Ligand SMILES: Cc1cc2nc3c(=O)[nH]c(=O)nc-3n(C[C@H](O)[C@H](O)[C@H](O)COP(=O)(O)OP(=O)(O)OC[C@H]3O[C@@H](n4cnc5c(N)ncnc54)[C@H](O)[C@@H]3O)c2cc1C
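Only one chain is given next, in structure tokens, and it is the form predicted on its own.
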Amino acid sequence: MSTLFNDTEIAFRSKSKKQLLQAYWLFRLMGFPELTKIGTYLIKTALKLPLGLKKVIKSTLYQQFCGGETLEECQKTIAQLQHFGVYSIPDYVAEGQESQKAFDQAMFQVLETIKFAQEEKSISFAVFKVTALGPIDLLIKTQQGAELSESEQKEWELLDQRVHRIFSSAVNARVRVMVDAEESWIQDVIDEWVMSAMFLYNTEQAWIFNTCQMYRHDMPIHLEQLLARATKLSFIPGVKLVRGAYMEKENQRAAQLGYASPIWKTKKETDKAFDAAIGFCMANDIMLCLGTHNEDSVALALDFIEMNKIEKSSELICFAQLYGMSDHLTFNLAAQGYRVAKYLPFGPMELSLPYLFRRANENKSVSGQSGRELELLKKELERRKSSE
């Protein structure tokens, strides 16, 4: 692994000793699968039972991975990140809502992010999930080709209006916007939406980005098809590459319903597909956001940048890591002049729980993630102690 990422003084220079210690113990706890299961159960029940855990959760797990309950609360963190050359991607993470009022609220939060990004150049992208804007059952039914009732058709029209309002607002404000990936049983519908928006808006540069989860074995073909359509229809494709966030759900649903899982069988296959996609996108001038915490994949992209004499600050490629994780990648890349951003989730703590569950599960399931975080945190704590 590249020595570029080993400088912990740079990696954690935005953190106080107290913050480092808190992160260290949090990642230690997340390294124990059974404790993580108990912890996520307590989080689910803490807001319903008078256990006094809400304050504890907010000052630990929530504080580690979220920027605040509102965009305004995030502004201090955004300014601090920019001070070290790191961009931000504010992400309203309220999930699992079902009312039209909640869907409108999510849309307005994204529109506020776009407005803020228009004025604040430290914002790299706006971002949203389609399931924050409309009922997931409606998306499932549409992807299945089922006929919608009259009331469902009205809901669909409202959802379509929300999505396109975000797209048009972002382009008018000259702010890039990316659409997060979701489960395979609704992703086809989302892909068509984003493809249509790219054709409509990405004529001179990429304003609209879609997300490709490379743990799906159909993604290499999907990328080839995207490039072919972009070439034929004369638009500029924008892509965020990630490994994937719903592996357990995808495999469980495939087993329950008796169809072949869309996920690669091994992590090695996913890694191979991800790294191949980096080369494919960069070789074909696909505007790329590389969402990864994998040092080898980042090093591969850096080699490609160097070999092809691409400017480090070029918008052709940017790197992104989640807030609260992999600071050794983010801050060392920024220190070297590369374009890099933190995904900065915000939203009411109660509505952010699904996101927090995924972060806790990700750290126990991704090979070596908690261990690597702990190793670096410990190294920096020891460095600071020796320099006192």
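The numbering used is simple: start at 1 and walk along the sequence shown. What you see is a predicted model, and the numbers here were worked out from it, not measured in a lab.
What follows is about the form predicted together with this ligand, which we do not show.
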query	finding
Stretch in contact in the predicted bound form with this ligand, which is absent here, among 59 to 67, 332 to 340, 345 to 353, 319 to 327 (heavy atoms within 4.5 Å)	319 to 327
Close approach of D191 to this ligand in the predicted bound form, 4.5 Å, heavy atom	no
Contact label in the predicted bound form: T211 to this ligand, heavy atom within 4.5 Å	yes
This ligand contact at G244 in the predicted bound form, heavy atom, 4.5 Å	yes
Residue contact check: P237 to this ligand in the predicted bound form, 4.5 Å heavy atom	no
Of T142, S122, Q75, T270, the one that lies within 4.5 Å of this ligand in the predicted bound form (heavy atoms)	T270
Listed residue (K232, K309, K265, K101) with a non-hydrogen atom within 4.5 angstroms of this ligand in the predicted bound form	K265
Residues of stretch 176 to 206 in contact with this ligand in the predicted bound form (4.5 Å, non-hydrogen atom)	D180, A181
